[in-house]
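Before any questions on binding or motion, here is one chain by itself as C-alpha cells, the form predicted alone.
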Amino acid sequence: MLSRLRDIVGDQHVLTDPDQTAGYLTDWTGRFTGVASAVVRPRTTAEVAAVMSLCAAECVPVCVQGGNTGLVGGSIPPSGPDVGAERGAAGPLLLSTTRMTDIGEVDTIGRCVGVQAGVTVEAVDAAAAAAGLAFGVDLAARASATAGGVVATNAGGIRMIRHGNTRAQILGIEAVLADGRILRRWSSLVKDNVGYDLPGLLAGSEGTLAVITGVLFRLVPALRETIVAVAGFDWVSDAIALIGTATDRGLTVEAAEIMTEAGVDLVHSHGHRRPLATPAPYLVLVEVSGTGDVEQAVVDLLAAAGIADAVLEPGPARALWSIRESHTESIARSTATPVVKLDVSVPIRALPQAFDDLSALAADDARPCRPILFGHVGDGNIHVNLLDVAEDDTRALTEKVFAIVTAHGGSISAEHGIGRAKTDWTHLGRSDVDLAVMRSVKDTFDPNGLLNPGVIFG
C-alpha cells in the first residue's frame, strides 16, 4: 500500500516517521491526537483521485486535513489504530492538502478566483487585493487556515456580518469522491440553477462527503476607508444597540467583536497594551465604513450612546485588532489544562442573558474553571473558553454550556463544525428526521464510511 502511494505522490510525500507525522496528528488545542498509517501529501486533483481510488479498493479510511487550525478535532484521525479494521484496513490514512497551493488568475469582471484547497485565506485575499478586490472571509488564523478547510467547516469569521459565511462566497467547487471520481461544478455564472446545490452541500460537510481539492471563490469590492473604534460598555445590550444605531445612521458595519474585561486583562498580561484607560466589563470593537466624514460620524455615534471612553483609528488599525485576535493564543498560554473551546451561537436578543449565564460558570465550586468569552456580537456567535478544567470535569462543563445555549434557542456549533468534539450532542440542534436525512446523504456519497470516520456522526 505504501509503495503504491509513493508511486502516486512521490517518496518524500508519504510520511510514516513519527517525528514527521506528529504535527499532523495533534490539533491546535492539544485535546485531540490521532493515529494514522501514513500522512500523504498530494499535489494535484489527479493525485488525490488516485489516492482515493486506491483507498477505496483497499477499504482504507481517509481523514482529510488542510491547515490543521480547527478546534473540534475534525481534521485529526481517530485515536484507535483499528479504525476500519473490520473491512481489512491497516488503519486510517491522513490526506493533507497543504501542497495544493495554486491560485488562478483573478477574474476582475466576474469578481472571482479559482484556488486549490491548500491555499491559505491570507493568500486568497492577497491575490484579490492585487486585482483591486477582496476576499469576503477573514479570521485570525488567516495565515494558516486553508481554502478547503474554511469550506469544509463553512467558516464564518470576522467579516460574516458584512459578507456572510464561507458558503456565501462559493461559486464553484472541485472535489474527489470516496471512490476516486472527480466532481467539478465550476462556473462563474451568478445565476445557474440546474439541480441541487452540490457546492453548498459540501460546504460544512467537514470532509465526510468528499475531498475538496479546489474552490471558485466569489470576491467582493476592496474595503473602503474605515474607522475602527473600541469602546467600553457596562451591558451587552448597549453594545448591541450601538451596532443597530450605526446601521440606522447609514454606516456599514464591516465587523463587530465583543470582549470581556477578563479576556482583555489576559491579553494585556501577555504584552499587549490595554486599548482603554477606564476598565469596563465589556469592550466592543467595531469597524465601519460609509460616505462622507466617517470618523466624525463614529464620534457622534459614540457620543449619542453616552460612551465615556473609546479609542478610534483609521483602518486597518492593526494594534486595536490585535487585542481581539490575540485572545486565542493568550488563552492557550494561560491555562494549566487544554482549553475547553466551545463555539456556540444564540439569537442576538439572547446575547445579554447568555453572557451572564456563561460567565456564572466561574462560580461552580464543584467543577472550577475560568471562563473567557469573546466573539462576533453582530451575529450572536460566542467563543466560550474554559480554562483550568480538570479532565474529569470536561464533559459535565460542556453539557452545562450546551444546556445554556439550547435554553436560549441557540446552536452548539456556530462556525467551527461538529468534528469529533460535539458528536454526542447533535440531537440538541437537529431532529431525528433531520439527522436521518443527513445520514442518508453521507451514505450516498460514502457508502463504505471511509471519509473522516467519526466526524459529525460519531
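Quick note: we count residues from 1 along the sequence shown, nothing fancier. The shown structure was predicted, so the numbers you read here are calculated from the model rather than taken from an experiment.
Unshown form predicted in complex with ligand FAD; subsequent notes refer to it.
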Next item on the list: May I ask you to choose, among 243, 103, 140, 134, the residue with a heavy atom within 4.5 Å of ligand FAD in the model of the complex?
Entry: 140
Note to self: By the heavy atom within 4.5 Å rule, which residue out of 256, 145, 216, 228 makes contact with ligand FAD in the model of the complex?
What the structure shows: 145
Notebook entry, point to check: Heavy atom to heavy atom, is residue 150 within 4.5 Å of ligand FAD in the model of the complex?
Noted result: yes
Margin query: Check residue 210 for me: does it contact ligand FAD in the model of the complex (non-hydrogen atoms, 4.5 angstroms)?
Written below: yes
Note to self: Using a 4.5 angstroms cut-off on non-hydrogen atoms, would residue 28 count as touching ligand FAD in the model of the complex?
What the structure shows: yes
Note to self: in the model of the complex, does residue 359 come within 4.5 Å of ligand FAD, counting heavy atoms only?
What the structure shows: no
Notebook entry, point to check: In terms of non-hydrogen atoms within 4.5 angstroms, which of the given stretches 187-195, 351-359, 295-303, 68-76 touches ligand FAD in the model of the complex?
Noted result: 68-76
